[in-house]
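Quick heads-up: it's one chain on its own, the form predicted alone, in structure tokens.
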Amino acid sequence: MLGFLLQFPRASSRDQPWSGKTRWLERRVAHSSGGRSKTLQSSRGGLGRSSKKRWALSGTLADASGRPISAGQGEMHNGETTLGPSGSAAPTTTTAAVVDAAIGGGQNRLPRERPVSVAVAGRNQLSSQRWSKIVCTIGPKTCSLEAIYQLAEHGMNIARLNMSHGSHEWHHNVIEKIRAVNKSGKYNIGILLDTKGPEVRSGDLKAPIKVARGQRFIWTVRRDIPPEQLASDFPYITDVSYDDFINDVNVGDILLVDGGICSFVIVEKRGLDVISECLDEGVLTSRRHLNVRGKSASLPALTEKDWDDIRFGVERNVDFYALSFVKHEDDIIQLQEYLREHAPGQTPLVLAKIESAQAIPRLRQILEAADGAMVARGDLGAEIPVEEVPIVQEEIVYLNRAMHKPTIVATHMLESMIVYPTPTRAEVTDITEAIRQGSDATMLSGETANGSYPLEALTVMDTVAKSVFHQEQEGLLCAALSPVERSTGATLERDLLSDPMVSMTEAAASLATGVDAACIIVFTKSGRVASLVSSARSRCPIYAFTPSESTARKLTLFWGVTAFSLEFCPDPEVTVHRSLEELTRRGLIRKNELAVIVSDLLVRDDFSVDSIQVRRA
């Protein structure tokens, strides 16, 4: 029966992509007519921005007849009510109303209660859901309990702790507040610890220095003489935090300050001093991040501060570690071995941050060793030619999907919204492209850490992500909902084929589409099976049940997965029955609807069977 169902997939408008695209565009044009298509230009001008009315319109999703569909945080299911994770219904609104409330009337904050919709839609309505995840960096603007709760309300799945800033006491308080939000039972927020890494920074300055093009500037690693005593020949000088800086740079190298705020060319090395000439003028302030174009500092990936921060993370049982400036797979393996030895019982995921030029030649090996990756495009774009960044991003997403591992795309996604309440068109396109490539998550950094409009930025990212899946529903095929070809190398191919669960989960996703299932239900202890189903990119929601709260938090990173904690019973039938009852109670599935169940539950006498079942709720 399984083979029969897979041979006859349901017809889709993707078989005629141009007709599907035309219909979708026609509906969008029709929806924008009727006196509401007039564009009001922004008073700032010249930045490719539009007024609140234009953005509210472009953020509105349309159903098959062109009517606007609302976009609350909860999940719409089978034409019923939209529900949050707790299963409670909320007031009705539209995406346009939500976004308009965020940026209209001079308001700088969103309403405290985010409306979610009650609407009628067909089964597997992609447009009402956001299957990709959102990572938010917690900072001074969002570190209060109220702010973290609001971020959760507006769509945050994972909270990022940037260990480059803040004390352990500050981060401990943030973790406690996140755990308090999770204990409310309404949200399940994962915690990601992002190490500082071997950053090279300039020293302290008495005052900001404006450097003009052609001006000479000294970078020194002298520690015995105050820098001001060295300024007899040149008016400008600062020290560098890294002693081997003098050996890592050569005459002709391009030195970038904070990724390109200003840049210098190295013209001479004199003892412990590096003499440069300004190429692009700018203002230099204290403790700025330094990169050499095309090179990485010869520092270990894990510094003493990083090890101290990791010990802090082990004590707080964080869910993810993002290892900065990875250059070699051994950096990942070193951290994984440390966690196995010093964090028994904990199973955090180690993510490789790809931001170093040295990581690119060993990209495949690094991704194979890591549990996932983060594309840190800021420093990456400073170390490799900027035009190569999108190519590397796509390659990382592709390789990780082939290996059934998650990818976070980060940095500058909504950078302008640190200052302005609306995004640029380029930023919206950037988010869309990252999701269409198949990334599991997109990340907000300064936008939520210290920006002026953190909730507005989160709402924009949430709305844009939902729009991607709405387009797919209308026939615009994208990689996010397409299977990955198994052509990533003989060794990797052999390893994947040796695990029958890979083929089994792919079959489950196809089966769910073939029978028009309301959802896929996964029973997993480690999260492995749920991650495989996620990578198969089914057309219906994935609900993972696990007895481990830690596993449930880890699954917050995986595409399309909503995780629930549930104690497994010795009798698998009881566990299956309880899961269906829970989903029915929450309104996520209705009586007599079909669910595809994937499990390796014990049957009896410690004997387990990998199985795919089709059940009626």
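So that there is no doubt, residue numbering starts at 1 and follows the sequence shown. Predicted model only: the values in this text are computed from it and were never measured.
There is also a form predicted in complex with a small molecule; it is not shown, and the following applies to it.
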> Is A352 close enough to touch the small molecule in the predicted complex, meaning at least one heavy atom pair within 4.5 Å?
Replying inline: no
> Should D379 be classed as touching the small molecule in the predicted complex when contacts are defined as heavy atoms within 4.5 Å?
Replying inline: yes
> Does the small molecule get within 4.5 angstroms of any non-hydrogen atom of E153 in the predicted complex?
Replying inline: no
>> Contact with the small molecule in the predicted complex for V397, defined as at least one heavy atom pair within 4.5 Å: yes or no?
In response: no
>> Can you pick out, from R401, K466, R160, K133, the residue that has a heavy atom within 4.5 Å of the small molecule in the predicted complex?
In response: R160
>> So the small molecule isn't shown here. In the predicted complex, which residue out of R364, R436, K295, H289 has a non-hydrogen atom within 4.5 Å of it?
In response: H289
> All three of R201, M374 and M443 touching the small molecule in the predicted complex at 4.5 Å, heavy atom to heavy atom?
Replying inline: yes
>> Only one of 302-310, 249-257, 353-361, 211-219 has heavy atoms within 4.5 Å of the small molecule in the predicted complex; I'd like to know which.
In response: 353-361
